[in-house]
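Have a look below at one chain only, the form predicted on its own, in structure tokens format.
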């Protein structure tokens, strides 16, 4: 890199925070530019989400073959997914396989948690401090911290007094947990809770599920990939990834252009039945275009899935507790399940709705509700994440003049293309607020490629300071908010709207994600690059 005035030496050209799929690919791309890049990773291995989330039943909800890296034909042809929706152990092995094939580990420092990062104008660089007190300098700081990587525990009194085993799903122990004959509690019925409950119900002595908010879920319909299908997948990768590029959210599914209200009742019912019986996100991402924006249309799919829950759960009272009353189908990110509802037909599974019977406190022996005290051997907290901005809040980011990122975002994130923030020069975010999420690895590859293009441009032009303008940030943030208008999902309390009442100050809805199509997002970002990044302040 070109040395910056006044020619202050820096340890690295770039520091990347996190060694998940984003950080690994970003390291690979920066190496291609011949840059000195270093990754700092809190864990002991690569994988990010798939390293930390080792809870029972953790797996993909997007098709395996649409999830892996698309940039390397060698990786695509050598790796074979065993299931259409791979489980966590296999996905972690894939991350390790990619890291080894690309020889990434030599530039990754494990067990190295970043606690602070400050921009220094005199060097036009960043000083990064780790939990061990060591400091490292770089020109470019790239965050790869993930939108769902900061677990949150519920605000329940005396939580630390429990004498048995207790785990958050995202901080699961590496050693196996023995459930045989155990009295187990699961708090939470979101995606991680659903996957855990359906997996351990047959293993435990007794399972008590404490439901905070009922969630819609639909069948995953997972299966093994046989040899013939494997060969077909490998031959079809160009078409698979081309399909992902053209769809709204980078899944292989795209919305039906028709309205749910313009077809006959019989035709609508047939479509819902077909999608309910097919694998994956089709019932959410491939359904009628207006089920997520029109209340009447949404009511038709919500009523359909409610009927399915009533058919699958034998006890009518339990079924009604499992049917959401405060949001429509698909207005939160949809969990996919495998006989989840049937778990409640087991004699050893009990459902407690804490909106009816609140938890008062945790006790040394278990959980005390307003009605009784339950004794448990294990408590599992499936209580989700401080999403999207939470991982940024954990690090003390300081920009120009010492301004704190947490203060800039206190009323909600303000970004430029979801990739940069005014006042924080030379800092780029991968999968931060206001980016197109959807099928995450597809979005990751695009964001990494865009950031790599900007860094290449800076290198070639001898630039050492890249910053988003206030005008650019306002325009993009206003655009993101405008896109969110009319989306039923933005009227619902969820991690997608920044709500987490277990975190102080996060009880107000914000627009935390880009609600437009992935092709539109890429077109906007591409235009910035094509115009020589003239919308940025460059020096």
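Residue numbers count along the first chain shown, from 1. A quick note: this is a predicted structure, and the numbers were derived from the prediction, not measured.
Below, we turn to the form predicted together with a small molecule, even though it does not appear here.
- The partner is absent here, but in the predicted complex a heavy atom of 188, alone among 425, 413, 432, 188, sits within 4.5 Å of the small molecule.
- A heavy atom within 4.5 Å of the small molecule in the predicted complex is found for exactly one of 384, 146, 125, 280: 384.
- Contact check for residue 154: a heavy atom falls within 4.5 Å of the small molecule in the predicted complex.
- Taking non-hydrogen atoms only, residue 333 approaches the small molecule to within 4.5 angstroms in the predicted complex.
- In the predicted complex, the small molecule sits within 4.5 Å of a heavy atom belonging to residue 212.
- In the predicted complex, at least one heavy atom of residue 192 sits within 4.5 Å of the small molecule.
- Only one of 129-137, 375-383, 226-234, 107-115 places residue heavy atoms within 4.5 angstroms of the small molecule in the predicted complex, namely 375-383.
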